[in-house]
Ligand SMILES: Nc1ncnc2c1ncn2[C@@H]1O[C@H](COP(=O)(O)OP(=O)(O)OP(=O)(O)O)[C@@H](O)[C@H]1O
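The chain below stands alone, shown as structure tokens; this is the form predicted on its own.
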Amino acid sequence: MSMLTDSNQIIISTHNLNKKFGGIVAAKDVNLSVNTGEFRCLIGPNGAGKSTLFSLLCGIERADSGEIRILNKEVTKLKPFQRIKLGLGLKFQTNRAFQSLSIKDNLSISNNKIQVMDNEIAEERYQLALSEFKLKSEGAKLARELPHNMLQWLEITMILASFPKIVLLDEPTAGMSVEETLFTGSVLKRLNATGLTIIVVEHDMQFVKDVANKITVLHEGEIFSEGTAEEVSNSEEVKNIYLGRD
């Protein structure tokens, strides 16, 4: 596959993003900027605001204040389907595959391609996932018959079927074995190498270290730190928030 990316182009960003649920601050003045072709991981302790940030980015939750931009277009008030048309794809923390349908039918339902500049590369990404995750050969199986790891892989591939430019994955390796996690990371890295922008929420630090170009640490709804895997893993301040010593 050829790489299609401009690393200087910001593909998704937020400016002073805020969200409260009652008295709970879920996002506080979040300024996030991700470049085209980047593999970004969001980490933080439970309740840090990671999944809320994903919900704000895709429009499931509406921000109280602030701005969200996708491909330099302000989308803060757009509905989820409108953001999907711009090229956003989201895998939720809970699996959303249709359990009574086959792998093939699940993928057919998801095959609502947005208009992208290079359909050939987008199609290659989709075919790569189909092949690596062995979904083509198992296409007749019902989703409910699949082991947990294949359900996760199916949903990732369902997202790619719509030819997204940005993929948001909320804990894509949750419940997987070490070997399955490593394999998932290797496939995602190959997809990212084609220029696909990937943003992941993940608790498995070894997975994060293996895949991320850059890591954003969230704490109590705020961006606490950003840097490379080495910089973040060596930060005493980051260790403190995970261990509850701050």
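Because the structure is predicted, anything quoted here is derived from the model rather than measured. Note that residue numbering follows the sequence shown and begins at 1.
Heads up, the form predicted together with the named molecule isn't pictured, but that's what we're talking about next.
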query	finding
Heavy atom of residue 99 within 4.5 Å of the named molecule in the predicted bound form	no
Residue 24 within 4.5 Å of the named molecule in the predicted bound form, heavy atoms	yes
is_contact(residue 203, the named molecule) in the predicted bound form, heavy atom dist at most 4.5 Å	yes
The named molecule contact in the predicted bound form: residue 67, any heavy atom under 4.5 Å	no
Three-residue site 46, 61 and 93 fully in contact with the named molecule in the predicted bound form at 4.5 Å by heavy atom	yes
Single option in 194, 52, 36, 181 placed near the named molecule in the predicted bound form, where near means a heavy atom within 4.5 Å	52
Contacts with the named molecule in the predicted bound form, stretch 146-178 (heavy atom within 4.5 Å)	171
